[in-house]
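Before any questions on binding or motion, here is one chain by itself as structure tokens, the form predicted on its own.
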């Protein structure tokens, strides 16, 4: 009972963490339950979704958030788009963090030639504009689906976290407890796994939150440019792309997917902001 009260007290003192966590929970719940919550088939073109002149139907009783230029329900496409957008964002973050940990920790812990080679590779990746390289990679792929988009997005987001992990590892490997482990006969691999990697967890947690916001934005940007998941699969970026023609007649087509991207990115950034504040890592959760 005491631990529950302490945990609640700490959470109430961290409104940004509460707000960001609540938003993410709502988004995940809506994405998982999209087939149940969506009032219409997101791919079905409805005749009553268009008004006179072929313009999209405005928000109303049948189409709560309106219909798009093909008569498809915007709310249904928005919910199903959350599944793809979050899947690419979270999957891309997992790939990026795995690459960043492998490269950054290896460079910082072993040093020497490995450090110089890995950091030059990191510099090369960081030298290219992310969106241009993403477009080139996505366009070169013979087939674009969730898996390939996750790999592309993850590959483009590992470089910056890798440099942070390298810097942290350089500091950790000089700590007294690491030197003590070595003097007691612990091998390099055991020292790395038991005494270095666990201390990178708080940094990895913050970077993962920030990376997720970046991957969601990048995935939406690729879909907006037409090199994301092919149509007619609903994604927030493709919905924004289709809304360009009708922005003056049907502004809701751009507002709702744009708001979804903004809310998702803000939610992950709020959590990262709270976790990165001084003294937060040591507080009980």
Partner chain sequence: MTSDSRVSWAALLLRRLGGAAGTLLGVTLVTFLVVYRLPGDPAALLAGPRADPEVIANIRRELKLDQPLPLQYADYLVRLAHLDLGQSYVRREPVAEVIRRRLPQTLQLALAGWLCWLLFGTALGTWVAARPGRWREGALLGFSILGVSTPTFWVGLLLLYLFVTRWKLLPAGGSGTLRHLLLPLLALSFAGVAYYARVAHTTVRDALAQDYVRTARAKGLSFGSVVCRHALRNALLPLVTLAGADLAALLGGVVFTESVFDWKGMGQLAVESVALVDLPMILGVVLVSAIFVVLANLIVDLLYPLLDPRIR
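Quantities reported herein were computed from a predicted structural model and do not represent experimental measurements. Numbering follows the first chain given and starts at 1.
Although it is not shown, the form predicted together with the partner chain is what the next lines describe.
S.K.: Do residue 114 and the partner chain share at least one heavy atom pair within 4.5 Å in the model of the complex?
M.R.: Because no heavy atom of residue 114 falls inside 4.5 Å of the partner chain in the model of the complex, the answer is no.
S.K.: Is residue 262 near the partner chain? Define near as a heavy atom within 4.5 Å, in the model of the complex.
M.R.: Yes, residue 262 sits close enough to the partner chain in the model of the complex that at least one of its heavy atoms falls within 4.5 Å.
S.K.: When the contact criterion is heavy atoms within 4.5 Å, does residue 240 count as touching the partner chain in the model of the complex?
M.R.: Looking in the model of the complex, residue contacts with the partner chain include residue 240, since a heavy atom lies within 4.5 Å.
S.K.: With a 4.5 Å heavy atom cut-off, would you call residue 270 a contact of the partner chain in the model of the complex?
M.R.: Although the partner chain is absent here, residue 270 would touch it in the model of the complex, with heavy atoms inside 4.5 Å.
S.K.: So, a 4.5 angstroms cut-off on heavy atom distances: do all three of 177, 204 and 275 pass it with respect to the partner chain in the model of the complex?
M.R.: Answer is no for this spot.
S.K.: Among 80-88, 168-176, 196-204, 126-134, which stretch sits within 4.5 Å of the partner chain in the model of the complex, heavy atoms only?
M.R.: Checking each option against the 4.5 Å cut-off leaves 126-134.
S.K.: So which of 65, 225, 50, 30 reaches within 4.5 angstroms of the partner chain in the model of the complex, heavy atom to heavy atom?
M.R.: Exactly one listed residue reaches within 4.5 Å, namely 225.
S.K.: Just give me the single entry in 217, 38, 233, 57 that has a non-hydrogen atom within 4.5 angstroms of the partner chain in the model of the complex.
M.R.: That would be 217.
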